[in-house]
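Listed next as structure tokens is one chain, alone, in the form predicted on its own.
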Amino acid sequence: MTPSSIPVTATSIVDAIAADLRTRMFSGELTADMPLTETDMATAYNVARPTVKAAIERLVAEGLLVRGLHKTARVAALGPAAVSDIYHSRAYLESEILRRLALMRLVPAEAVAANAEIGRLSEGTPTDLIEPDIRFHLSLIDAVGSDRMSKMYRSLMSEVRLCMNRVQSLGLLAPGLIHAEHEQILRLIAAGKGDAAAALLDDHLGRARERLIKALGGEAGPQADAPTDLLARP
């Protein structure tokens, strides 16, 4: 196992190793069938085993790695049940956030900028839109001004990013559809229509959820083909 080049400036070694492992998981270099032993990883990263153990424990807490008592760590398998739980957890949090933003008619500038970036991504790889997509949703959460809510949402981010990576690498959603639905969500917030914004969010996340579930061998629900008049189905 050969680690990537790890920048360690202004960060701890544990942080750097955890970040490198995340990158390798998101890229598909590390998979669920590859054992990640503390001994092998300590050798690969040229650090002590306790350092590697701390990095592993951090990723276990994020849901990216799994291991039982005295067991070797492995990348968590992303199955239909996990995908369903991750997306429903997002929807429960984000839908209430949209209602509260609509009450204030507060459209975060950061969300507008992130979605504009998505709209410009006519070239490049499908995974290029993952970062602005994440910024779009995070900016909505942060706009409410609740540190606890933001912290709660960020606890899902590693698993959300893993799902987004699979959705885009498999070509399950067109950037144009994502951009159009984001744009409409922002319009509904500005108009004070919180319930309508939450309903569109449910379709927005549900379409990605159900298409990914199907791609992973599960049975997709009707939201996989939820109709939209914003853009023709990809």
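For every residue, the number given is its place in the sequence shown, counted from 1. Keep in mind the model is a prediction, meaning the values are calculated, not measured.
Missing here is the form predicted together with the DNA; even so, the following discussion is about that form.
Of the candidate stretches 65-73, 191-199, 205-213, 23-31, only 65-73 has residues with heavy atoms within 4.5 Å of the DNA in the model of the complex.
Proximity to the DNA in the model of the complex, defined as a heavy atom within 4.5 Å, singles out one entry of 48, 60, 174, 44, which is 48. Within this chain, residue 53 lines the site of the DNA in the model of the complex, having a heavy atom no more than 4.5 Å away. Heavy atoms of residue 183 never reach within 4.5 Å of the DNA in the model of the complex, leaving it off the interface. A residue is said to contact a partner when one of its heavy atoms sits within 4.5 Å of a partner heavy atom; residue 14 meets this definition for the DNA in the model of the complex. In the model of the complex, no heavy atom of residue 167 sits within 4.5 Å of the DNA. Shown here without the DNA, the chain has 36, 37, 38, 39 in 23-41 lying with a heavy atom within 4.5 Å of that partner in the model of the complex.
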